[in-house]
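Just the one chain here, laid out as structure tokens, in the form predicted alone.
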């Protein structure tokens, strides 16, 4: 029981706060439930296809191949592949984290994982096309040209700041999952 409470403490606290909202102001409580239901429905639409693709990636792509193209010695080819995977992705950012976990499990370098997540969040192809059509090509290209080196710099700075033991701990936790 103690483990259950510890594991789901945020969820249980959220239920308590929502219940308090209903007591204090029913309209706000209903609004909170409406937003929660919408978000939950959106996740149910997005996550199953991502998990199916992850299962296929896990089965079809051998670890050796991932290590060769995105591992410690991948250099520029790992960076480019991380950008391509992240930029070609569709869906909200929370979809990137299960993909990143599978990439880590397959032996991708930590900086390439960070680049992948950065690319997923800022350089998606559909977003770029939308920006070209609504804000102009000059803006879209300028933003992209600023984002690409920015993502790489941030990824390598994060790798330099985080101790190797922490990164190893993250990889061990991924292996357990």
Partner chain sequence: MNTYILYGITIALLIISFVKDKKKTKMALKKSWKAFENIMPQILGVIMLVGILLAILNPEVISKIIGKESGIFGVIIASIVGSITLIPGFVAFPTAAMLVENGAGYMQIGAFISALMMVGIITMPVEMKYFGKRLTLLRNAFAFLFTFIVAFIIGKVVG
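For clarity, every value in this text was computed on a predicted model and none was experimentally measured. Numbering follows the first chain given and starts at 1.
The form predicted together with the partner chain exists for this protein as well; it is not shown, and the discussion that follows is about that form.
In the model of the complex, no heavy atom of residue 66 sits within 4.5 Å of the partner chain. Although the partner is absent here, residue 24 is not a contact residue: none of its heavy atoms lies within 4.5 angstroms of the partner chain in the model of the complex.
A residue is said to contact a partner when one of its heavy atoms sits within 4.5 Å of a partner heavy atom; residue 85 fails this definition for the partner chain in the model of the complex, lying far away. The partner chain is not shown here, but in the model of the complex it comes within 4.5 Å of a heavy atom of residue 166. Contact residues in stretch 112-130 (any heavy atom within 4.5 Å of the partner chain, taken in the model of the complex) are 113, 114, 117, 121, 122, 126, 127, 130.
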